[in-house]
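The chain that follows stands alone, in the form predicted on its own, written as structure tokens.
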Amino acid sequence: MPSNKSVSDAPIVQFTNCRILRSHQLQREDLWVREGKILNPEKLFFEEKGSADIQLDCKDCIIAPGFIDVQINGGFGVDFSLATDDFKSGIDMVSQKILSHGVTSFCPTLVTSPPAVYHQVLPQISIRNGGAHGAGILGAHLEGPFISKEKKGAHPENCLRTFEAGAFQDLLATYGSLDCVRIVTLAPEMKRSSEVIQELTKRGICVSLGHSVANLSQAEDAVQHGATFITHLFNAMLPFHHRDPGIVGLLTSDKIPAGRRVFYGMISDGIHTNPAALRIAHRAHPKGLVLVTDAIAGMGLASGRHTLGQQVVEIDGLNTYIAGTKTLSGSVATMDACVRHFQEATGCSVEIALEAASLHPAQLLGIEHKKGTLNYDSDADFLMLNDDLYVQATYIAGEEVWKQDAKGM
């Protein structure tokens, strides 16, 4: 008979024999969960006189918050920038399959596309909680089309747009709706971008700077108007120069408004960013680093030709190029692999590597009160990992949604 009937009928699960990531440290203590939330055991003991209904031995594994991927273009043959009749089943499949890589929440990302694609796809993306059906959807990340022609990367030039007299109205007409939008990547050097940044920020949408030839003062101006993120640092922006460090200079800028933090995405796949560049960024601004996969439809598939929005891409091992060129086009890396590579490349602690994929993206999106930590009353979205940071099990709202096969690693 459960001993906590006075407060709730829901069973209390106690995860024992584990090291949990809390307050930036791995701590040898138990994790208590009830009704999808992390429970404070002291309140349970002293106020409710309750105890655990179920105890689970975690066999000395690490328990860390679930990973949050704020830039993922697709995977497993599904491309979020393609308007297909079965778009919903595609997004459902990706959300299911990324559970095995520790992702419990994500922002499906659309690359530069024609307005018709946004109008067709965005109404099919709904913000939803995760569960056995797959990782939760936090809202869409729209990367483009208001970006620089010179730094378009893998984005189709014929679909790029600028802000005309209407500015924010132009953006609304292009996207059709902002109901499910969480992040917009734009180039801040574009005329009228400041008013667009202000309007987006006012609506609670995170503005990210990327695919841009902005100098540092243009980037600082964008931050002063509300921008808080940099899309895949170093990629598709002016290279760092000592007299004008460009967007990269935001990592150590003294013009960031008080109380604000600029975050930056890093594709830690061993291809998009040299390990030395990864170390420079991390040492310059460790608390702003957000690991992203920037994964494309080819993630989880064999080498060959796949799509990225309007383009055909070629996958050769871990390299992904626009077909027939050497232009990098997203990655095929998984989030758990990015975490392991980041730790290896920087020599940082396990705690720092895990927080770059959980706490930092949650802080970027302003949801750290419920995601990205194992604090009391947070959502019980967490992972069990071995010491080499391979995911052993994934939990969402306290329920196991994926487990490593015993025959596996």
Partner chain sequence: MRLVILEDYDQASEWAAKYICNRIIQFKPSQGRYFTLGLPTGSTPLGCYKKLIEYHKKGDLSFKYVKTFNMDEYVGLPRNHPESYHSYMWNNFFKHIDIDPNNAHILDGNAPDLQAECDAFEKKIEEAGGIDLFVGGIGPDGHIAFNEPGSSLSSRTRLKTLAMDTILANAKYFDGDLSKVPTMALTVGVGTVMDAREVMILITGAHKAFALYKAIEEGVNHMWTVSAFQQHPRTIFVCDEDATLELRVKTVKYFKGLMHVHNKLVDPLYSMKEN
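Positions refer to the first chain, counted from 1. As the structure is a computational prediction, the values presented were derived from the model and not from experiment.
Quick note: we don't show the form predicted in complex with the partner chain, though the next part is all about it.
The partner chain in the model of the complex: contacting segment from 337-345, 359-367, 49-57, 377-385, heavy atom within 4.5 Å: The contacting stretch here is 49-57.
Please tell me whether any heavy atom belonging to residue 29 falls inside 4.5 Å of a heavy atom of the partner chain, as the geometry stands in the model of the complex. Contact with the partner chain, yes.
Report yes if any heavy atom of residue 41 sits within 4.5 Å of a heavy atom of the partner chain in the model of the complex; otherwise report no. Judged by the heavy-atom cut-off of 4.5 Å, residue 41 is in contact with the partner chain in the model of the complex.
Going by the partner chain in the model of the complex, which residues of 173-204 come within 4.5 Å of it through any heavy atom? Contacting residues: none.
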